[in-house]
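Presented as C-alpha cells, the chain that follows is alone, the form predicted alone.
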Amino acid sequence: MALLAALVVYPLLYNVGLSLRNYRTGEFVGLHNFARALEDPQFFASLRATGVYVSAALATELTLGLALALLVHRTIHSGWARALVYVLFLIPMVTPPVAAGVIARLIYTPTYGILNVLLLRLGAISSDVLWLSEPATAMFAVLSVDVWQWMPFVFLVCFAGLQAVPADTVEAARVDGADGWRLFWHIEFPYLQSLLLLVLVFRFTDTFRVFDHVQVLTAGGPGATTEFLSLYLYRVAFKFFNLSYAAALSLFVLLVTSLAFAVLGRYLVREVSA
C-alpha cells in the first residue's frame, strides 16, 4: 500500500497541486491553467490529431491482424511453418520504438530513402515524395510504423483465439454448408469477441500515449499535423518550461483516457462474464 501511494498517489497529488499554482513564483492561481487549456487552439489541434491517429491505427491494426490470423489459420497447417510465422511477427514487437522510428526515417527520407528509390525505378513517381514534410504523407508515415510494430500483437491474440474454437463445431458447421464468411461470423467470431475487446483496450491506451517514433520521424511536424497530445505536452513542459500548464493538460488527458477506458472496460467485463 505504501509503495502504491509512493508511485501513484503522491505523483498524482503533486501534479494536481502543480496545476493550481504558478510554477515559477509558487503563487496559487486556482483553475487558471484549466481555463487556459479550454481556450488553447493548439491543445484542441493536438487532441484532433491524436483522435485521427488513434482511430486510424486501431482500425488498421484490428482489421489486418484479424485478417492475417484467419488467413494463416486456414491456409498454413504445418507446425514449422506456423512457428516461422510467429517468429517473423515477433520481430517488430521486440524492436524498440526509437529504433523503429530511425529505420522508418531512413526508408522515408527523400533522395536516398529506399521507398522513393523503388517507386522511381518502378515509374510510379516522377520525382521524390517528401513523405515527412507533407501533412497527409507525414500522418501516413507515423501510422505505418505503429501498424508495422503492433499489428502482429493483434495477429497473435486472434490466432490464439482461433485455436480455441472446437474442431468438431467447425466440422459440423462445414457439413451444414457454412464456409468462408458465414463460418467466421457464426462460429469463430463469438470466440474472438472478448479477445478483440481486450486488444482494443490495450491498443487504445498505447496509441493514445504514442511518442517515441513520432518524435524521431516528424517531431510533431509538418506544422502541427502529427503533434499528438504527448508531443504537445512535452513541448509545453520541456521546451517552454511551463510545468504548471503542462500539469493541467496532463490532467485533461488523464480524464479523457479514464472515460474511454471506463467505457471499453465496461463492455469488456460484460463480454467476459457473459
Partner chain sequence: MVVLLVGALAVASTAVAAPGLPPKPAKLTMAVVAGGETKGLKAILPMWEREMGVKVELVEFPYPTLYEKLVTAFQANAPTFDLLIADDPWMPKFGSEGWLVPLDQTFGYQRDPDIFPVVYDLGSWPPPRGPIPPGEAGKPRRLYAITLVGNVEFFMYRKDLLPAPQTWDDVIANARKVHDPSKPFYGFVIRGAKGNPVISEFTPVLLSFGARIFDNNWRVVLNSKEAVDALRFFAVELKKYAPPGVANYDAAERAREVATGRAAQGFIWPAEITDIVENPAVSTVIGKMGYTLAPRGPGGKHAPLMGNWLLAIPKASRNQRWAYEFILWATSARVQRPYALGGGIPFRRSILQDADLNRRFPFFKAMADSLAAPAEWRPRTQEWFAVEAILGTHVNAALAGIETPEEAITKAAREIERHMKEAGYYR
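Keep in mind the model is a prediction, meaning the values are calculated, not measured. Residue numbers count along the first chain shown, from 1.
There is another form of this protein, the form predicted together with its partner chain, and it is not shown here; the text below is about that form.
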query	finding
Non-hydrogen atom contact G220 with its partner chain in the predicted complex at 4.5 angstroms	yes
Proximity of T111 to its partner chain in the predicted complex, heavy atoms at 4.5 Å	yes
Contact flag, S194 vs its partner chain in the predicted complex, heavy atom cut 4.5 Å	no
Its partner chain contact at E227 in the predicted complex, heavy atom, 4.5 Å	yes
Stretch in contact in the predicted complex with its partner chain, which is absent here, among 45-53, 58-66, 203-211, 231-239 (heavy atoms within 4.5 Å)	231-239
Contact residue in the predicted complex, chosen from A100, V165, L130, V147 - any heavy atom within 4.5 Å of its partner chain	L130
Within 20-44, the residues that have a heavy atom no more than 4.5 Å from its partner chain in the predicted complex	Y23, R24, R36, E39, Q42
